[in-house]
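Only one chain is given next, in structure tokens, and it is the form predicted alone.
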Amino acid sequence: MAAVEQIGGRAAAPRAPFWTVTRLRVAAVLVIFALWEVAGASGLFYRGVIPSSALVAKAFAGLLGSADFWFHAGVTGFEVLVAFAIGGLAGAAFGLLLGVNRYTGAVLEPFLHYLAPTPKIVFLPILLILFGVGVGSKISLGAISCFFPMALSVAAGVRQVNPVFLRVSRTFNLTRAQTVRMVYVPALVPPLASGLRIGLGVAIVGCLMSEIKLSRMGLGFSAMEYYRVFDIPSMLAVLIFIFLCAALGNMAIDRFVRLPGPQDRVRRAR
């Protein structure tokens, strides 16, 4: 009985760090909230620059009840989703090509490394010439922003595939397409998830930057309009909404991109 209790105690022990981390996160949020309120009430900043949380909450509730706000949110959502899909699929396919074909990777991957840190807003004039001032240029900038982290993450993940699986695939005379489908793709789940999280974030940034610069639709345009009339609570409410949507997107990626890899299949076979 004592042994069972000891085993049960050891099994329950890992929960303590989780709750400790949770408490620290809650405490951090409360501290930030308190500092915000103190800074707003201190008089050290220009009046209205740091509004109280009550004003921001009221503005947020007002936005959620506004049809105009949901129109702008729908425009931005459509742009981000399409840009994320195009950039993510193209980046994953290109990264897979670079990783599987070592010669192609040696030739082309340095260009990706040089271009990836470049601010993607520099491509906007070219995109405006190609697609005009509209949804096309915004989607294109978001897709380009998403392409680079996806391609680099997948290419790096391909090179980390266990060589044992590749030798087994050659033993069974698998074709290149079968090897990609049965070995590379399942093993790429962790780098794919990382690339998707980063790609979603930069796709959102790319679309919002395009809306801020040129568009008259979308959440980026809406936030700048509130800034122009110095409606800071509404501007912050829009930014909070964008942050929440991005956080939910990352949570969805963590939740659904959990396909079993080759290692999991080997463990189940045992």
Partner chain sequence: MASATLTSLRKPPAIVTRFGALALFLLGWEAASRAGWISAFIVPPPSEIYNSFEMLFVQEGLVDAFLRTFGEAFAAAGLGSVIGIAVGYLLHRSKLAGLAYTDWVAAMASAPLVLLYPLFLVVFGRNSATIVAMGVVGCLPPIILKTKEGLDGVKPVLLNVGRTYGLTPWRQFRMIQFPAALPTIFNGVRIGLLFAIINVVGVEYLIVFGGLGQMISDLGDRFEIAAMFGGIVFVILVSVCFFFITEKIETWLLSSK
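Residue numbers count along the first chain shown, from 1. Keep in mind that what you see is a predicted model, and the values were worked out from it rather than measured. Superpose the two forms; the largest set of C-alphas matching within 1.5 Å is the rigid core.
There is also a form predicted in complex with its partner chain; it is not shown, and the following applies to it.
Peer 1: Have a look at Val168, Ala116, Val161, Val135 for me and say which one sits with a heavy atom within 4.5 Å of its partner chain in the predicted complex.
Peer 2: Checking each option against its partner chain in the predicted complex, the one that comes within 4.5 Å is Ala116.
Peer 1: Want to guess which of 181 to 189, 105 to 113, 168 to 176, 80 to 88 is within 4.5 Å of its partner chain in the predicted complex, heavy atoms only?
Peer 2: Of the options, only 105 to 113 has residues within 4.5 Å of the partner.
Peer 1: Report whether the minimum heavy atom distance between Met217 and its partner chain in the predicted complex is within 4.5 Å.
Peer 2: Outside the cut-off, so no.
Peer 1: Examine Leu236 and determine whether its closest non-hydrogen atom to its partner chain in the predicted complex is within 4.5 angstroms.
Peer 2: Taking the distances in the predicted complex, the answer for Leu236 is yes, it comes within 4.5 Å of its partner chain.
Peer 1: Does at least one non-hydrogen atom of Arg255 fall within 4.5 angstroms of its partner chain in the predicted complex?
Peer 2: Arg255: no contact with its partner chain in the predicted complex.
Peer 1: Hey, in the predicted complex, is Val38 touching its partner chain, heavy atoms inside 4.5 Å?
Peer 2: Close contact is absent here: in the predicted complex, Val38 is far from its partner chain, nothing within 4.5 Å, heavy atoms only.
Peer 1: In the predicted complex, do Phe33, Ala93 and Val100 all put a heavy atom within 4.5 Å of its partner chain?
Peer 2: No, the candidate spot makes no contact with its partner chain.
Peer 1: Which residues within 185 to 219 place at least one heavy atom within 4.5 Å of its partner chain in the predicted complex?
Peer 2: Those in contact are Arg197, Ile198, Gly201, Ile204, Val205, Leu208, Met209, Ile212, Lys213.
Peer 1: Fitting the rigid core first, would the Cα of Val26 be found 2 Å or more away between the shown form and the other one?
Peer 2: True for Val26: a C-alpha shift of 2 Å or more.
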